[in-house]
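Listed next as C-alpha cells is one chain, alone, in the form predicted alone.
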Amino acid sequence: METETRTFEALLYAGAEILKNAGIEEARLDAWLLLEYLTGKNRAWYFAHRDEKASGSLASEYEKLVKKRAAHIPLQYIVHQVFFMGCEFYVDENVLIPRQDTETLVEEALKLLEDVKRPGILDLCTGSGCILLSILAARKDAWGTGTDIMENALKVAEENGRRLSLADRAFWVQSDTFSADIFQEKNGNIPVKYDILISNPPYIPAGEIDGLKEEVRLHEPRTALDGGEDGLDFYREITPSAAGYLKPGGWLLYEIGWNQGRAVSELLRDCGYQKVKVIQDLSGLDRVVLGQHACP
C-alpha cells in the first residue's frame, strides 16, 4: 500500500485488497473497522467524505494497522476493543478474546441469581474479567472475586473494572485455581462462600491447538487454551473443591467444548451436585454445564 496522498475510499479499497490477499475471511469489514478505529469516524461520515484526501500520516498509520491484521493478529488485539454482553472491554495478547458463545454462560448465571439478594460470584480463570464484570454490570447489588494465574491477565481485568466503574465491587486475586491464601483455612482465615462459582477454563485438548485458526493458535495465550490431553484437566481440578467455596444451594457453572457435556456432567454428579444440566448456545451446541451444591 503506497502512502502518498489518497482518498479515504482508495485507502479502504487498498486495505481490503491486502487483507483479502492475506486470506483474511472478512477482509472488507476488517479494513473498514481499522479505518473507523484510526479516524474515529462512522460510516455516515465516510460516505460523505470518501472522496476527500487523507493525510500522509494517517495513510501511513493505516498501512501499519492493515499489515498487522494481514499477519493474522486478531483485530481485537489491534484495536484493543471487544463488545460482550453490551459492555465494551479492553483486550490485549495477555487474555483470550471474549466470544459471543460465552454470553450463554453469563445469561444462565443471571437466571440463577434472579432471586438472590446481593449475590457473590467467584470467577476462576477470569482473563479479561468479562464474565464477572458482565454479571456485576447487570446486577447492581452483586459483588465478586476474579482469579487468574497470570498477573498480566489480572491487570487487564482490573483495567476493565475501572473502565466500567465496577472497581468497588470486583476483587482480583492471582491464583492457580484455589492456591491463593484467601482460599486456605490457615492463620485464622475462613474462606468466603459464594452464591455462584463460574468458570470458562482452558478446555481445548492439547493435541488440537495446532489445528486452530492462525489468529488463535499463534496469538491468543496458550495457557488460556490448553486443557490437557483430553481438555478436561481444569474441570477435574476445580470440581471436587468447588463446593468448599459455595453456600448451600449455590451453583457451579462451566463453559465447555461442544463435545464435553457428558464428561463434565458426570464429574459434577460424581461430586454430589444436583440438578446437573447441559445448556446449548445459539448454534445449538453444548456450551454450559451447571449443577447445584446440595443443601444440608
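We number the residues from 1 along the sequence you see. Just so it is clear, the structure is predicted and the values come from calculations on it, not from any experiment.
Beyond what is shown, the protein has a form predicted together with a small molecule; the following relates to that form.
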Looking at the partner-bound form in the predicted bound form, is P201 within 4.5 Å of the small molecule by any heavy atom? yes
Quick one: does L154 come within 4.5 Å of the small molecule in the predicted bound form, counting heavy atoms only? no
Would V82 count as a contact of the small molecule in the predicted bound form, using a 4.5 angstroms cut-off between non-hydrogen atoms? no
Is C125 close enough to touch the small molecule in the predicted bound form, meaning at least one heavy atom pair within 4.5 Å? yes
Thinking of the small molecule in the predicted bound form, which stretch from 68 to 76, 172 to 180, 201 to 209, 133 to 141 has heavy atoms inside 4.5 Å of it? 201 to 209
Can you pick the one in L166, I121, A109, A224 that has a heavy atom within 4.5 Å of the small molecule in the predicted bound form? A224
Exactly one of L113, I149, C87, L96 comes within 4.5 Å of the small molecule in the predicted bound form through a heavy atom, and that residue is L96
